[in-house]
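Starting off, we have a lone chain in the form predicted on its own, written out as structure tokens.
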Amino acid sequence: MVKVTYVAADGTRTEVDAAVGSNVMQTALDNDVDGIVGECGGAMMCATCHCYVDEGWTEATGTRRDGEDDMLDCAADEVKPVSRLSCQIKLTEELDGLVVHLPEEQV
């Protein structure tokens, strides 16, 4: 298990345990974290799982995958250099303690 902290737009922090091999989106949905919708179920067909990776974790989570930029163009909130689709961030032991920030709007 690894820990993931979701920081809502209002600053509220929610820390959850996540299974290695899961992804940031599914972990949020499984734990009823407000701010992640995941309409497409992680198929990278929408941007309702848009998140901002905390700057201390951008290197560990890596760069955007092919197709993420296209989907982020549809994001409801501002796209920043640290923007990612949370469905594309697979959780590994190296990501224990990961912090992601959630935008104000998803849809």
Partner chain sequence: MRDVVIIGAGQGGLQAAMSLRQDGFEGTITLIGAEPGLPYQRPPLSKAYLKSGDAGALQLRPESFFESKQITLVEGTWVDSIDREARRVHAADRVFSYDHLILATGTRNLRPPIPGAELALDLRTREDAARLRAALDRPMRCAVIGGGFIGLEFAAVARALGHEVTVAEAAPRLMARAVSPETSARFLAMHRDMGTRVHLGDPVCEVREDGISLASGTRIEADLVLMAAGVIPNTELATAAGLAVDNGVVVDAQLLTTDPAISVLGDCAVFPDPATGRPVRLESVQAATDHARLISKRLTGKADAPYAAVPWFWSDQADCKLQIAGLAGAGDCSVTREDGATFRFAGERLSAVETVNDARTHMQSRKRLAGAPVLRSALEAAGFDMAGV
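Residue numbers count along the first chain shown, from 1. Just so you know, these numbers come straight off a predicted model, no measurement behind them.
A second form of this protein, the form predicted in complex with the partner chain, is not displayed here; the remarks below concern that form.
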item	value
Site check Cys51, Asp54 and Ala60: each within 4.5 Å of the partner chain in the model of the complex by heavy atom	no
The partner chain contact at Pro81 in the model of the complex, heavy atom, 4.5 Å	no
Met1: touches the partner chain in the model of the complex, heavy atom cutoff 4.5 angstroms	no
Contact label in the model of the complex: Ala76 to the partner chain, heavy atom within 4.5 Å	no
Residues of 77 to 101 having any heavy atom within 4.5 Å of the partner chain in the model of the complex, listed in sequence order	none
